[in-house]
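Next up: a single chain in structure tokens, the form predicted on its own.
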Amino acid sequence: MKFTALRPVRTLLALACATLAAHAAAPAVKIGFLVKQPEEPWFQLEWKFADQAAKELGFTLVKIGATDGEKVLAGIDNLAAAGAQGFVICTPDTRLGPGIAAKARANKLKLISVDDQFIGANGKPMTNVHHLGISAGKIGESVGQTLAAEMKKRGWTAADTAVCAVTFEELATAKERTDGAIAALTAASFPKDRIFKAPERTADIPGAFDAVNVLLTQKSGIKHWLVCGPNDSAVLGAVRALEGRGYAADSCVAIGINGTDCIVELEKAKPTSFYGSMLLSAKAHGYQTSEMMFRWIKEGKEPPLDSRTVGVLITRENFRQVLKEQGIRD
């Protein structure tokens, strides 16, 4: 009788042990997050929100700064060796796309590209790779529309005004942004022959500063400038060049894109011609891509092949409140 009475207990213990063993056998989810410029505020924020996703969803995040192709491929191999099941990447060169995709397949890793979409061997976007990107053209259009509105608000005439478009056309996303801004300005009846491009050799403040200085030497005597570019750094470089040529803060209007690299500029006690920026959602790009990868690995829920985000204009008047709402600042 005693032996019989113990059977249900032994059965429960066996089931409990089997359940524990099953949980122990299930591999922990490990996800890589590779970025091309780990020192930049935008990518720091993407990592911050990816960390938040890891903490809330319960997976291990491996952050890798991959500034060139060699580091990208080595990082993917290291992730595979460490037991990762997938990774999110903003590649340092979109033309590395086919190689990255092949390396992911060889290592049986799931892949999501973020920010910059891969370019295939045919020179076209790789639409067969899962991607969360930016509606670059629409964000550029918002910049152009805001510049046109500010020009009208200030009563400037086309005869006295020109557009300085800092460009970096080697990167498709950057080109879409400036093309969108120019398209919106021409749609607002701004003369095409008063729109001037300043191609930068490097996508940073010094690169834009040098490019705009060349343009200002060629186009002297213009009273007002409207400034756009592919990111905050490009526009800030243009602003510095204009200041160096004696242009006052109220004689130009400059609008960037990203919203994370211009906060110090907006915080300055004395306003500059940097009017504002289209703030992109680092939270969506960091948290959402990590969550999509986690659900894909854990639940088999495949993300959309193509997802896009848009921006919101921040200025000296509203940037603190918007950054708080976006979870970027307390």
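Quick note: we count residues from 1 along the sequence shown, nothing fancier. These numbers come from a predicted model, not from an experiment.
Below: the form predicted in complex with ligand FCA, not depicted.
The stretch among 29-37, 294-302, 48-56, 65-73 whose residues place heavy atoms within 4.5 Å of ligand FCA in the predicted complex is 29-37. Using a 4.5 angstroms limit between non-hydrogen atoms, M151 is distant from ligand FCA in the predicted complex. Although the partner is absent here, N258 sits close enough that one of its heavy atoms falls within 4.5 Å of ligand FCA in the predicted complex. Mapping the unseen interface onto this chain, C90 counts among the residues with a heavy atom inside 4.5 Å of ligand FCA in the predicted complex.
Although the partner is absent from this view, F43 contacts ligand FCA in the predicted complex, with a non-hydrogen atom inside 4.5 angstroms. Taking ligand FCA as it sits in the predicted complex, the stretch 261-281 comes within 4.5 angstroms of it through a non-hydrogen atom at just one residue, L280.
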